[in-house]
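First, one chain by itself in structure tokens, the form predicted alone.
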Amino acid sequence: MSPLLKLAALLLPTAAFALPSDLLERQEGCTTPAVGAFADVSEKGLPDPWKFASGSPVATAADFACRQAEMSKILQQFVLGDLPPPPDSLTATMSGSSMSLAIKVGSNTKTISVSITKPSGGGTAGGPALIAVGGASIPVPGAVGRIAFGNDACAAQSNPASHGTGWFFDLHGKTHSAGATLAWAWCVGRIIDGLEQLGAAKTGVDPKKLAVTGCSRNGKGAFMVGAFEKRIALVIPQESGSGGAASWRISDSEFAKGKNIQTAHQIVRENAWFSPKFTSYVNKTDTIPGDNHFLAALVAPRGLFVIENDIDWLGPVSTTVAMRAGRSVYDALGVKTNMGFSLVGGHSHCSFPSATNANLLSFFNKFLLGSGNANDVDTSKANVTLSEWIGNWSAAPRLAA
């Protein structure tokens, strides 16, 4: 069953919303336009997740699964670059705490090593694990293992000229359109491939109980990994700001008001996080038929706990609006508390606030440890008017009982 079908099945748990089998078969091949096929728009507000690019409404879970595929293609076309398919071959081996992956794409090959700290008490069935993009800055329960992901080795983030450097580009070519953050999502997918191939008895990790986190630039990457790698159960981007939890449009609006905030036109001069294709849109972000609330919509209905800060550069207004827009998508899916947004200020960048401990633990408990429910978290002191940015949206369908 495809990930889109699984989503449809998850969103429709009762007979009242069950889809007929023939519709599910047709759903297998959404007629989603290809990357490159979407037109520019002129839209000051956040683009509507409940309307296809064609103008047709999203009315069913099957529609939403297809709209997710469309949102993915939009972000790839305008901002992120193309996400390649899985490699032609991948062979995983385990030696001690190190997993080796031999990967082949066309005639190009690469072998990488991944360090795994096994979760305690996993046994032959394996236990949950956290993939740390460049390291973790959050407290992690002892029962959760660790998988170190060297994202800089996958795709470099030294400066704009570092685009094309790393083992992702060794496999796909130096001129591949993917920015570093999308490349990291593809690379994490290969780690999960290896975990699945070897099995929990060898790795100690249950590949169905994976979380991902990272902070700041690596928080952008963690958000991207969660949005584009559907096998991640829990996504925890920390202080990802611009290019992560923040909206390009709203950040531009805040910049125009005199805020010291990172914008699209600044970020492309700083690093290679996004596709070279994005450069022609950074001064006209309101012409992109998508924005970063789409990242939350792509994670849905899986677990998502977004941690932000009130530092101006990160865009507290921008992140608050975009992530509340994301929570409205979760709400329409009947799983509002599967997404939490926590903006607790008054601390340094990437310093985890102790006031957030209980909320974070509730997400670990629900999505990785199988105990309890996630807290209903929407914490921000930012003064925002959500309707200013989503007032143009179609009425959200109620996709769950």
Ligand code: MCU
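All values derive from a computational prediction rather than experimental measurement. Residue positions are given as counts along the sequence shown, with the first one as 1.
Absent from the display: the form predicted together with this ligand. The rest refers to it.
*Asks:* Taking the pose of this ligand in the predicted bound form and superimposing the site C-alphas, would you call this form open or blocked (blocked if 3 or more ligand atoms are within 2.4 Å of a backbone or C-beta atom)?
*Replies:* This form leaves the site open.
*Asks:* Any chance residue 314 has a heavy atom within 4.5 Å of this ligand in the predicted bound form?
*Replies:* Yes, contact at 4.5 Å.
*Asks:* How about residue 88: is it within 4.5 Å of this ligand in the predicted bound form, going by heavy atoms?
*Replies:* No, residue 88 sits far enough from this ligand in the predicted bound form that none of its heavy atoms falls within 4.5 Å.
*Asks:* With a cut-off of 4.5 Å between heavy atoms, is residue 347 one of the residues that contacts this ligand in the predicted bound form?
*Replies:* Outside the cut-off, so no.
*Asks:* Is residue 292 close to this ligand in the predicted bound form, meaning a heavy atom pair under 4.5 Å apart or at it?
*Replies:* No, residue 292 is distant from the partner.
*Asks:* Quick one: which of 108-116, 299-307, 212-220, 67-75 gets within 4.5 Å of this ligand in the predicted bound form, going by heavy atoms?
*Replies:* In short, 212-220.
*Asks:* Quick one: in the predicted bound form, does every one of 149, 152 and 170 get a heavy atom within 4.5 Å of this ligand?
*Replies:* No: no residue has a heavy atom within 4.5 Å of the partner.
*Asks:* Find the only residue in 162, 328, 253, 262 having a heavy atom within 4.5 Å of this ligand in the predicted bound form.
*Replies:* Of 162, 328, 253, 262, the residue with a heavy atom within 4.5 Å of this ligand in the predicted bound form is 262.
*Asks:* Which of the residues spanning 69-98 lie within 4.5 Å of this ligand in the predicted bound form, based on heavy atoms?
*Replies:* Contacting residues: none.
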